[in-house]
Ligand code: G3P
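Quick setup: one chain, the form predicted on its own, written in structure tokens, and binding and motion questions come after.
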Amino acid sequence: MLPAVSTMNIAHRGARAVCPENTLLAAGMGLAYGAHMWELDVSMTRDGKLVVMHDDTLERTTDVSLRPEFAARAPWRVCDFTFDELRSLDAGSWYVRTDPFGQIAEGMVDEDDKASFAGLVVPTLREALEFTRDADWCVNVEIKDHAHLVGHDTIVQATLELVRETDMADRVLLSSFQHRYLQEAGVLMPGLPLGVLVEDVAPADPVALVRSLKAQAYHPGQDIITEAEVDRLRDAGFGVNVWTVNDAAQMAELVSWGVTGLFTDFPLLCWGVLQDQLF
């Protein structure tokens, strides 16, 4: 079952502020930091394998641009690589090179942790689901928009097949910015909780949008949600899970509005804020 709590602490791509995102290490860190669930992104390789990767390209979160054998294949789209090629990449050392959240500079990542990042691999969706199941945990599976990529017509069915095969149907919240995928999922796996992702511009009527997609939750960016909209959505029986909230004061404010979940890169910070709300 999905977490039965007032506000879910959702580790965004795992605890990505302190370790490489969308790796099993990041997931495990999110679990250790008290997150109620984690969020991952699903992409498809050229040969149809489902992998956990946010970007359409591999440059930011792997060493692909440093590998001479792949130099001619820029911009290194995920869907242009086979699974074996992708699996040969280092998906961890980039974090040490770039320190994306400044946590290394602040002393929040020690030398042993940094050493453990080297050689991390991009996990498969199956591995991520099995990890989550074995940890007795939950996960928000976001299917990336493949409208112009390999897999647009197959990624939903393939994802749901893995959810079934890993016996994770009661522990998955499925979301996407590509709302067609949510409609497909509702037909293929009725009853699976769905989250409607939106960004940049709020829909005129969020309640109507969520209802039209037969979803259970609305997932807005924190810059396009208001307290009044939270009230309307909650009164209509829908969850409101907001992304990506990394400031403690903003977390506390959104909790006071009654949101049901906070996607955060800092799940330990969120844990502290939610603890404070209990006392």
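Not measured: the values here are computed from a predicted model. In case it trips you up, residue 1 is the first one in the sequence shown, and so on.
Another form exists, predicted in complex with SN-glycerol-3-phosphate (G3P); not displayed. Remarks below refer to it.
In the predicted complex, none of the heavy atoms of F70 sits within 4.5 Å of a heavy atom of SN-glycerol-3-phosphate (G3P). At least one heavy atom of W243 is located within 4.5 Å of SN-glycerol-3-phosphate (G3P) in the predicted complex. Residue contact with SN-glycerol-3-phosphate (G3P) in the predicted complex: H54 places a heavy atom within 4.5 Å of it. When contacts are judged by a 4.5 Å heavy atom cut-off, L120 does not count as touching SN-glycerol-3-phosphate (G3P) in the predicted complex. Segments offered: 226-234, 247-255, 209-217, 33-41. Contacting SN-glycerol-3-phosphate (G3P) in the predicted complex at heavy atom distances within 4.5 Å is 33-41.
Contact annotation for 176-211: residues with any non-hydrogen atom within 4.5 angstroms of SN-glycerol-3-phosphate (G3P) in the predicted complex are F177, L197, listed in sequence order.
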